[in-house]
Ligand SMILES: NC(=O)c1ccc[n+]([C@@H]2O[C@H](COP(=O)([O-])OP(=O)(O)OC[C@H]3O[C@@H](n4cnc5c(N)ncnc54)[C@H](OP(=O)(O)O)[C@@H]3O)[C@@H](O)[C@H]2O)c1
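A lone chain, given as structure tokens: the form predicted on its own.
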Amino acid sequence: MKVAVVGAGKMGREVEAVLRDRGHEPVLVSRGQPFPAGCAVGIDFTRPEAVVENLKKALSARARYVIGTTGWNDRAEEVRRLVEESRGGLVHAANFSLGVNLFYRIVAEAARVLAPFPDYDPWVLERHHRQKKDAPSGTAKTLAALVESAAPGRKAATSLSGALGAGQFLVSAVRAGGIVGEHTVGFDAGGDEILLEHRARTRRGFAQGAVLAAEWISTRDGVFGFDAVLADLGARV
């Protein structure tokens, strides 16, 4: 299958390598280039402000699309409308790592178990390389939403001008060096603490998930999260 790799940065190169390993033909697309003809799917790891225009080009070429770029949620409804009107297909995720998506399930269950015990005060910390543009990361926001949904009344705060308010918990970000991606969710009761952590050692895991999503969406219509891909693949095991 010919797959357009939209964005020739570090993630784009990882995606290219995984596509070749799985027998596909990657076509690299740099900024400003048209979407290449003959590609069944495009995989986008570019910039938030470029996502919608990149998607439009892919849909015009009758290609499905995978978005691994974060920071474009303010245009999510527009993206859904474009895909549905063109009868196209899209998979998007804040994080395409299989491990992170399993981590979501672990955090959701831990938050549910601890919800009746309000002394266990939650917090979320994410660490990434200094070039990452959005903070907190999309993954950290997803983790915070899982904690919120398990305990109504809990609300995430991403900045502080004073002490945390009642029911608030802090979502923090660190940007330094070449950190690939680390996410920690803690529950602190003063006397003890429960820590859950996921660390990405390389970008390979993100690329593998994006390629799995591209293979899956190539024959489907609609807008999906990566959880739909994993649920379908898991049912086949």
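Keep in mind that this is a model prediction, so the values were computed, not measured. Note that residue numbering follows the sequence shown and begins at 1.
Although not depicted, the form predicted together with this ligand is the subject of the following passage.
Asker: Looking at 128-136, 141-149, 161-169, 78-86, which one sits within 4.5 Å of this ligand in the predicted complex if you count heavy atoms only?
Answerer: That would be 128-136.
Asker: Residue-level question: is Arg199 within 4.5 Å of this ligand in the predicted complex, judged on heavy atoms?
Answerer: Contact check for Arg199: no, nothing within 4.5 Å of this ligand in the predicted complex.
Asker: Using heavy atoms and a 4.5 Å limit, would one call Arg47 a contact residue for this ligand in the predicted complex?
Answerer: Looking in the predicted complex, residue contacts with this ligand include Arg47, since a heavy atom lies within 4.5 Å.
Asker: Would you classify Ser30 as touching this ligand in the predicted complex, given a 4.5 Å non-hydrogen atom cut-off?
Answerer: Residue-level check for Ser30: yes, a contact with this ligand.
Asker: Arg220 near this ligand in the predicted complex, any heavy atom under 4.5 Å?
Answerer: Outside the cut-off, so no.
Asker: Enumerate the residues of 60-85 that have a non-hydrogen atom within 4.5 Å of this ligand in the predicted complex, in sequence order, or give none.
Answerer: Gly68, Thr69, Thr70, in sequence order.
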